[in-house]
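Below, in structure tokens: the form predicted alone, a single chain.
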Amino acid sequence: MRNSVIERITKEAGKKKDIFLITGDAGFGVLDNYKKSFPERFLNLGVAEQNMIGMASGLGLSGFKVFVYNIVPFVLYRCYEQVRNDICYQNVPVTLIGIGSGVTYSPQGVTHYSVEDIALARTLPNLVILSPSDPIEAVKCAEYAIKSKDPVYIRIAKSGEPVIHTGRVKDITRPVVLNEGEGVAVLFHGSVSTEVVSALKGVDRRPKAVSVPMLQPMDFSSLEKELKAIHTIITVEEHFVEGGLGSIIAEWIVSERLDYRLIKLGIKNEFIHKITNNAGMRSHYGISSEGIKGAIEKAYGNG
């Protein structure tokens, strides 16, 4: 997905002279083509994340369309104050491209994991949060960010994610239906989509599967239309079970007094000490295809 995003930005940079790309000692290989093509609109600011965000804001206020590329802890965690004050408070149209969503970097440890980033990003007014489920959605997210007049945070995994959509994705500002179904709806975002797709192949009954690439602001009106004839919603995310998509849906259900049963699948809110690869981590926290399959079957049994 990251390659798809950068390729789209690079292509657009050939048409728009205001596009500027900043990194902080990341993206070697991925950013090479952009750097070679537009050296005057590229900066590697090194290991200085707060300065990186300040520069991005300044360039944005000067009329540039700025994209900041780094792993999630370095575009959001270490420089949260600068993202808050320099970008979001002033509503500067800077796009943060955060790499390594969830536990993509397993087993490199908690310093590299991005399991609370949505919860953190949701505290920032004006910030659009995008978490594409495959390369097709990722390109659409890049296109949205290029046109956006607001700050944007795009949350993506590292590389090699497969395409899950068989048809065209027209709009990522509203939920995207992967396949129709009834009774149970599985809502998901990000690279854990591969586990959802695998789980759907192994269940007897067919739930509705809905990708939710735009988490903030959420198009609840469109979502409610897609959830007709649904009694149970299952949210799946490679993020803390509290604070992400599951919490967004729970708050909506409560505020609107809706009659849905909600099952939230995600990573337990705890510091992760387990050492294993990405697949092992998903299995440990119940968001592998087997864990999702079990939740679907249980939901139908209780329906």
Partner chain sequence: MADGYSVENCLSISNRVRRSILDLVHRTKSPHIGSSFSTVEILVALYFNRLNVSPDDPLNPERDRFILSKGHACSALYAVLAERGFLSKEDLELFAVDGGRLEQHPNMDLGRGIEVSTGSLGHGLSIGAGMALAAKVDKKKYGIYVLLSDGELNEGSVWEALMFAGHHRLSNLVAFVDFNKIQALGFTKDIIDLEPLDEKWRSFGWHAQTADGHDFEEIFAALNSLSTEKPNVVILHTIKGRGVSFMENKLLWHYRAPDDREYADALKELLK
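Since the structure is predicted, the reported quantities are computational estimates derived from the model, not experimental observations. Residue numbers count along the first chain shown, from 1.
Although not depicted, the form predicted in complex with the partner chain is the subject of the following passage.
- Residue L45 is the only one of V241, L45, I248, L31 with a heavy atom lying within 4.5 Å of the partner chain in the model of the complex.
- None of N85, N126, N179, T173 but one reaches within 4.5 angstroms of the partner chain in the model of the complex through a heavy atom, and that residue is N85.
- Shown alone here, N278 lies farther than 4.5 Å from the partner chain in the model of the complex, counting heavy atoms only.
- The closest heavy atom approach of Y285 to the partner chain in the model of the complex falls outside 4.5 Å.
- Although the partner is absent here, N51 lies within 4.5 Å of the partner chain in the model of the complex, judged by heavy atoms.
- When the partner chain is considered in the model of the complex, E256 lies well away from it, no heavy atom lying within 4.5 Å.
- Between 61-69, 269-277, 248-256, 233-241, the stretch whose residues reach within 4.5 angstroms of the partner chain in the model of the complex through a non-hydrogen atom is 61-69.
- Taking the partner chain as it sits in the model of the complex, the stretch 1-37 comes within 4.5 angstroms of it through a non-hydrogen atom at just one residue, F20.
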